[in-house]
Ligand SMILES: NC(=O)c1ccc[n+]([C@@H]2O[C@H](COP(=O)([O-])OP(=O)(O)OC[C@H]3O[C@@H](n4cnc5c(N)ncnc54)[C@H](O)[C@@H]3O)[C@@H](O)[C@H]2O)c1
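The chain below stands alone, shown as structure tokens; this is the form predicted on its own.
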């Protein structure tokens, strides 16, 4: 799919979705730089024929100086930069608090680091791509919660919630992608988003059952169910797809 020998930096590449994506990019012949606060669990099990195409950069991608260092080190190590996936997911200690109990400190932290971090990491990536003058592809990981209200009945009787700030952040991420796609007209830098449905993470059985009823074939997804669409948007096969939000949710939002 046109990813061989491309260099892609993945923020939050040690998380569930980021790790699955990084491994698939490596399998497709790409050079991958993972930017995260901790190394991915799979790094030690990589065969040597692939390991040389992976670079791990430890640090906070929401810090501009750190982001610049990560991007420059990626280019210096692999010789060029072709794309970026932003899947970093920093959260405050109060993440998941019900609407009535939200504190200003936690709310502002999450809005700043998740939505603000997306904008700033894109800014730094675009700066480098402009310097290279070869274009590139950027994909933001969004969510179905950025385009639909939560189905609150799914959460009844559990200790789970869908934070209001998460919906606001992901709706903002979608808007940022559309804005940048138009803003960068003529520069051959594409911006798109992928909005996954819920990802399995040991949710209660009652939640999984309710969620499944609103889907078509599977219900909650595995990280591997998202990576194909993301790889497509990074590849040359999607070179005229720009400013779009691709929903991968097994019909949850229908």
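Just so it is clear, the model here is predicted, and its values are computed rather than measured. Numbering follows the first chain given and starts at 1.
One more form of this protein, predicted in complex with this ligand, exists but is not displayed; see below.
Partner-facing stretch of 127-135, 72-80, 174-182, 140-148, counted where any non-hydrogen atom is within 4.5 angstroms of this ligand in the predicted complex: Among the listed stretches, the partner-contacting one is 140-148.
In the predicted complex, does residue 17 have a heavy atom within 4.5 Å of this ligand? Heavy-atom contact with this ligand at 4.5 Å: present for residue 17.
Within 4.5 Å, heavy atoms only: does residue 38 come near this ligand in the predicted complex? Within the cut-off, so yes.
4.5 angstroms heavy atom contact with this ligand in the predicted complex for residue 204: Heavy-atom contact with this ligand at 4.5 Å: absent for residue 204.
Is residue 219 a contact residue for this ligand in the predicted complex, using a 4.5 Å heavy atom cut-off? Close contact is absent here: in the predicted complex, residue 219 is far from this ligand, nothing within 4.5 Å, heavy atoms only.
Name the residue from 227, 32, 61, 191 that puts a heavy atom within 4.5 Å of this ligand in the predicted complex. Comparing distances to this ligand in the predicted complex, the residue within 4.5 Å is 61.
Report yes if all three of 88, 166 and 170 come within 4.5 Å of this ligand in the predicted complex by some heavy atom, otherwise no. Every listed residue reaches this ligand in the predicted complex, so yes.
Going by this ligand in the predicted complex, which residues of 184-203 come within 4.5 Å of it through any heavy atom? Heavy-atom contacts to this ligand in the predicted complex: 196, 197, 198, 199.
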